[in-house]
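Here's a solo chain for you in structure tokens, the form predicted alone.
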């Protein structure tokens, strides 16, 4: 473990220097890693582990997603199986289905969790809310998680580019005495850059807050608010979109990613600096109560209850698609599609 000072707080982290890929391969040499689910996280993690030389198989029901796995190079009967067969063959079960699907499939998964196997998650939801999900692993299996801080698509793209997402890791149950070592090895195997330790509860509460907050919910809300104000004051869709989204995502956020917000501020015009310094605290003060309300909703399990209830309904996909279409049909994102088509790299 390396000690790193994060803004005045010293934390222990794991880097590829302390735990190189070769060590991960050694730890997992005798394991068959069965990735159950090939939806959001499954493809990126499975392909990265395969490319890193680990013994990986995929378990997926026949259908469109199964066909995608075949197109990605997984071979039926060799590295691609029906879920039950993959569960039987796997010694480390990577449970990467959606939270609602994990609840539905759990009785089947549990039957194959024989003594000494490992159950791997990339989200603390199922275990943390076990009273609601019913996901209670047998006492004689290891249970741990590695949670890349990004989508499966980003995980794969960065891996292919020779980079890596940072990930959290946590051990919930150590039946064999080797759970921590296997957990870190898996996190390195899926393509993580560096690792920071957490627990299942903290992972899920921070994750649910982040998704609903600055990562997705809050940013969409702020985008919509600014875009609408500009449009209501006579600005064109292209101007409103460029000033709200395009400049942020294409110009400024890459600078923040490179060296931080303070560096980005220092490399903008003095007029921009003055306005940003004057206005960031009012935005913080206006939104902090909403974030506090959001965190409380996560902490009291109201968000988990809502997610389980709505996402378990037979028609949830139809309703979800309708809500997603409503966003896609917003003028702002239709304008965005036109703006993106005009980027030099697309012409």
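Residue numbers count along the first chain shown, from 1. All values derive from a computational prediction rather than experimental measurement.
One more form of this protein should be noted, the form predicted together with a small molecule, which is absent from this view; the next part is about it.
Residues with any non-hydrogen atom within 4.5 angstroms of the small molecule in the predicted complex fall in just one of 167-175, 218-226, 148-156, 134-142: 148-156. Using a 4.5 Å cutoff between non-hydrogen atoms, residue 211 counts as a contact of the small molecule in the predicted complex. A residue is said to contact a partner when one of its heavy atoms sits within 4.5 Å of a partner heavy atom; residue 246 fails this definition for the small molecule in the predicted complex, lying far away.
With a 4.5 Å cutoff on heavy atoms, residue 199 does not count as touching the small molecule in the predicted complex; it lies far away. Interface residue remark: residue 181 is not counted as part of the site for the small molecule in the predicted complex, having no heavy atom within 4.5 Å.
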